[in-house]
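Take a look at this one chain, the form predicted on its own, written out in structure tokens.
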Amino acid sequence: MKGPERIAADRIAADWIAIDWGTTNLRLWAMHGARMQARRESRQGGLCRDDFASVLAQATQGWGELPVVACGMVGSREGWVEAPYAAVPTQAVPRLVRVPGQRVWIACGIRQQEPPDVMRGEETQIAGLLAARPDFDGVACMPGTHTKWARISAGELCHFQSFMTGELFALLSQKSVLRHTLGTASGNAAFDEAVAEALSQPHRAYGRLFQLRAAALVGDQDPDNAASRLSGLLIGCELAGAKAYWLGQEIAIVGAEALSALYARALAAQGVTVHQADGEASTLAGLHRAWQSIRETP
């Protein structure tokens, strides 16, 4: 397991285990009610179906045989057990499917028929957001590999849209010719200018991508500014496409601090009211809501 536990195994007083199990990472928390007792993480994401049980047993060693509530791609068609999608509109408390023969419950994802879209894992963050803010009426933005924008009203997830911004940034910065040009992206003036350009004229942003490479060849472009411009161009294009979600709405950004800060900066420049929520804390709160629903079931 990667990284130290926050509390030694022999001092844990947990009554259930929360898991976020994606295609790349496995994150686990030993929980006592809503309180985290210990945390573990590994790179054991996508697995063959027959391997999930043994990997889970190894990952939770020392924590005891506790019930488990999991979210993420572990419930996909290629996961441990397929947890069928719930259709929007739907109440923002994750539905659960039990793994046969195991004390493991997996949260169902959410599907949208028209326009077609799906999410797995983010529905748990939405449940956590509403656990903290039950009267929230607005839009949740969940930045990541595939950023989600979700309209929430009266405790329901009404509709949503996904954008591949994070994946596109990773592909362009790591696999394309731009990888020779880029440094570290940050929320600076170069980022702000790129967001404004792409948001006002998204059709021209596509043609500005190669300029990031050219500017390094014919001039003295700073690599960090180049990375910030790439991030700004992509996020600006996303904001242009998601304008119906954020214009005139209260926005809750739920995710990792650094990426969420970029979205908050870009939206604040448009005069949008933004509230930031920690992604991990929201996931745990959502899984706790799901755990409570199991305990309340006769």
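Treat the numbers as computed from the prediction; the structure is a model and nothing was measured. From 1 onward, residues are counted along the sequence shown.
Form predicted in complex with a further copy of the same chain: not shown, discussed below.
- In the predicted bound form, L172 approaches a further copy of the same chain with a heavy atom inside 4.5 Å.
- Within 4.5 Å of any heavy atom of a further copy of the same chain in the predicted bound form lies no heavy atom of F136.
- When a further copy of the same chain is considered in the predicted bound form, T165 lines it closely, a heavy atom lying within 4.5 Å.
- In the predicted bound form, A154 stays away from a further copy of the same chain, with no heavy atom inside 4.5 Å.
- The contact with a further copy of the same chain in the predicted bound form, taken as any heavy atom within 4.5 Å, belongs to L209 out of V99, V88, A190, L209.
- For the residues A196, V118, C158, A132, the 4.5 Å heavy atom test against a further copy of the same chain in the predicted bound form is passed only by V118.
- Remark: all three candidate residues (A214, L217 and G241) come within 4.5 Å of a further copy of the same chain in the predicted bound form, counting heavy atoms only.
- Just one listed stretch, out of 175 to 183, 136 to 144, 99 to 107, 123 to 131, contacts a further copy of the same chain in the predicted bound form at the 4.5 Å heavy atom level, and that stretch is 175 to 183.
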